Each structure stands twice: as structure tokens, then as C-alpha cells.
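Only one chain is given next, in C-alpha cells, and it is the form predicted alone.
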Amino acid sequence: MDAIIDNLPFMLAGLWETAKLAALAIALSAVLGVLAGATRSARARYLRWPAIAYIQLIRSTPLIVFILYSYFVLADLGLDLSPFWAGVIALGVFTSAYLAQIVHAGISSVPPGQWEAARASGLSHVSTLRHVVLPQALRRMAPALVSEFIKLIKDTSLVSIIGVFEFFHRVEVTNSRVLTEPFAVLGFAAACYFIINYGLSRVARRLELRLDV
């Protein structure tokens, strides 16, 4: 336990970095995922096929390769981003492809009669999607969305490969310094991830119950 107490401020600083990284990546992935999922569900082929290509291309690439590719290619294109922001973009875009499939499945699960009734009342396609279909689909999507967000939080540990000094990277540094208490140090990391992800799952469960009311 001495290793954890002595290095606690150092590791907690990394936990704050991980929290910022995850929050920004979740926000980005949610926006891109909804847009891609809604476009994937469009009837027009010129909208649907690019969305399918976007989803399949990203889903077929390992995340660690995508992180490296995003960081170095963006730099080659003249976009001089810090490793932190490159990590946000990589995680957000990568997760958005999986969210898009979830959103598409949620939209497809809404009965066609809901679309027809909304359009008959004078709502446009976009208004129907926003005010009628998505609120109903959200109830079905919530568990899968939360699972992807939890996965994203755990995947933040991979951005250390491009130099982001996040939580798990600092845990590894602490472990390499101490060497005598690997079980305690790594157990502390596992406990932190569990508390964060379990808390997120409980919040999602409450939201799901409120949506069912």
C-alpha cells in the first residue's frame, strides 16, 4: 500500500487526464455516431452508401493501428495536434462507427407506422427522426450505447502509445519505479476503472428506467 500512497497524486493526475480524454471522445463519438447512423438509415443511396463505407472501413481497422494512423497522418497533412487531441479524435471517430450501427439498429426497430403517422401529420423527415423516432429508439439503444462508452473508457489506455500521459501510463510508470508491489498498484488501477465504469452503468440504468416511465 505504501507504493499507492506515495504515488497517489501522480496517478490521480493521470486519472483526471483520462477523464477529460474520455469525456471529449464520448461527446465526439456521440455526434458522429448519430449522424452516421441516421445517414446509414436513409433511403437515398448517395447518403446510405458513404455511411456504410465509413462504418465498415473503421470497424475493419484495429484501434491501436487507427490511433497511430490518425496521429501520424494528421501530422503529415499539416494538422499539428498534440497527442492528447489526436487521441480524442482517434477514439471518438473509431467509436462512432460502432455507435452508428447501434443507432441504425435502434431506428430500424421503430415500427414503420410511427414514421407514417408523423409524416401524415406534416412533419418533415428530419423532424420525424428527431422528435418521434430517435426518442423511441433511445430506449432500445441505451444499454448498447453505455457498453460502447465503457469500452471507450478502457480503450483510453491505448493512447499512451502516442505519448498521452494518461492514467494507465502513469500506473505503469509507478509500477516500474516500485517493482515490489505490482499486485497493489495494478489492483488500484483495476479498482479505479471498475468504479468509473460501474458508476456509468448505474447512471445509464436510471436513465433507462426514466425513459420507460
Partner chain sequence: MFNDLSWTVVLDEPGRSFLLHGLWVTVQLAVLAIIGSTVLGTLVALGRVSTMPALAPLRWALTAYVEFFRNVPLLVQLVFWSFGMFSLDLVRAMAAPLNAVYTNQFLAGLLGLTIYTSAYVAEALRSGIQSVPRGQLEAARASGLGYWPAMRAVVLPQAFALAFPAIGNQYVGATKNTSVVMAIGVTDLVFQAQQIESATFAAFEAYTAVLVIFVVVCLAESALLALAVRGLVTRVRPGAKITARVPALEA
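Residue numbers count along the first chain shown, from 1. Keep in mind the model is a prediction, meaning the values are calculated, not measured. Between two forms, the rigid core is the largest collection of C-alphas that superpose within 1.5 Å.
One more form of this protein, predicted in complex with its partner chain, exists but is not displayed; see below.
Residue in contact with its partner chain in the predicted bound form (any heavy atom within 4.5 Å), chosen from 186, 173, 42, 30: 186.
Here the marked residues 7, 82 and 85 all miss its partner chain in the predicted bound form; none has a heavy atom within 4.5 angstroms. Taking the partner from the other structure, its partner chain in the predicted bound form has a heavy atom within 4.5 Å of a heavy atom of residue 168. Taking the partner from elsewhere, residue 102 is found to have a heavy atom lying within 4.5 Å of its partner chain in the predicted bound form. Taking the partner from elsewhere, residue 205 is found to have a heavy atom lying within 4.5 Å of its partner chain in the predicted bound form.
Although the partner is absent here, residue 69 is a contact residue: one of its heavy atoms lies within 4.5 angstroms of its partner chain in the predicted bound form. With contact defined as any non-hydrogen atom lying within 4.5 angstroms of its partner chain in the predicted bound form, the contacting residues in 63 to 94 are 64, 65, 68, 69, 72, 73, 76, 77, given in sequence order. Superposition of the core reveals a Cα shift of less than 2 Å for residue 27 between the shown form and the other one. Remark: with the core as the superposition reference, the CA shift of residue 16 between the shown form and the other one stays below 2 Å. Core-superposed comparison between the shown form and the other one: CA of residue 44 displaced by less than 2 Å.
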